[in-house]
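Shown below, as structure tokens, is a lone chain in the form predicted on its own; questions about how it binds or moves come after it.
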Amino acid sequence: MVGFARISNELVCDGVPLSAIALAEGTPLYVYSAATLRSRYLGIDAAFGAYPHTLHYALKANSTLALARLLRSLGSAADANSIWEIEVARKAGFQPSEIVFTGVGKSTAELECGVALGLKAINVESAGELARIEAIAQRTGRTARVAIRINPDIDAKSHPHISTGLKINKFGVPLDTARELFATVPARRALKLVAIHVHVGSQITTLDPLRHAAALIARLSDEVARVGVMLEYLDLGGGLGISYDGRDVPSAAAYAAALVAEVRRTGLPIVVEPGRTIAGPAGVLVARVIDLKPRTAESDFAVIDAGMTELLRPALYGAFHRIEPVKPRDTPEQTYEVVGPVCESSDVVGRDRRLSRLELDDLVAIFDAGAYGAAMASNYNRRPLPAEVLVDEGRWKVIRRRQTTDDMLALETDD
């Protein structure tokens, strides 16, 4: 049995009961399905068919080492947003030539490391950043491989906090500036322009923004060719959304077909940077009910031992995640405000949820938490980071142990 399903009404991961894992490892706890990770990655890869392409898994979604290694074993390359993600990628087995370095604010130290490593590309966010990369390459006698990230002023219709393709967003280079940079590249011997890059946002659930961005990049590749620069590939970013609430989202086949249709005439290989669409459905956050109390005449609070310190998205974005009891009772549904234990009123995991009757110590699963869950966790209120478990072929193992207070204090001193 692949992924998250029910056996005799109990929620399991790849056939293993979540209750058994929680009993052994405690809660809160992240549980990942290796089969789902494989299926999601291979589904996107297969959707591009014979058209030349490379998938660079976006480590920002979830960079837990065991998951990165699993994706590397499937043939994935890597997309990193910091030099520290690059270090994790290399520990996971990715070679520098398999890593693209994205990120709106790369420090001089990060750029120096990126140039020295000889990455597949540094995705450039501004004219100033390009000049800093050039200066580093000249000083060290290297040729830096770069891709210029375009800000296409395309509205992806996603949440404002995860929109990256509008002119008012901090990401990328405006078109006019990009065209000016293209014209200068042939004379800049310390730089090699290998690609044009675009990424218009995250959790995109319609294909039009992705299609328009791909079409723009295809047209720009013609302009680059006219100034004498031959690109190696087109980087079309990531952003394909998942169905958090059961609504339809584009399939991998529709996604790939839309992109290929726009760039096929260029003959250039495609690079995409999927993260959420691979990792999101592969993980759940398992939590325990630690208190129940009245809220209104029609609803109760269900306080669980996981909140914004384990899963920030609901507090940060008002994001929706399905919540289900691991072992639901055969009772009429009740309305609950599912909240975390953190000392913030925004620490609400799910509002007005209809669930079978909950009792103290019940386990609940928060779905689609494999992306931007553990990766965004914090120690606020001195709460330890949760354990993470990977289930593979009916067996499970801890891939990150639960943090302890000593772990948190290890970097501190009172001298």
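What you see is a predicted model, and the numbers here were worked out from it, not measured in a lab. We number the residues from 1 along the sequence you see.
In what follows, reference is made to the form predicted in complex with a small molecule, a form of this protein that is not presented.
Remark: Glu273 counts among the residues lining the small molecule in the predicted complex, judged by a heavy atom distance of 4.5 Å or less. Among residues of the shown chain, Gly283 is not one whose heavy atoms approach the small molecule to within 4.5 Å in the predicted complex.
Taking the partner from the other structure, the small molecule in the predicted complex has a heavy atom within 4.5 Å of a heavy atom of Lys60. Of the heavy atoms in Phe320, none are within 4.5 Å of the small molecule in the predicted complex. Proximity to the small molecule in the predicted complex, defined as a heavy atom within 4.5 Å, holds among Val348, Leu358, Ala34, Met376 only for Met376.
Just one of Asn151, Gln203, Ser76, Thr309 comes within 4.5 Å of the small molecule in the predicted complex, counting any heavy atom, and that one is Gln203. Partner contacts here mean any heavy atom within 4.5 Å of the small molecule in the predicted complex, and among 173-181, 195-203, 260-268, 322-330 they occur only in 195-203.
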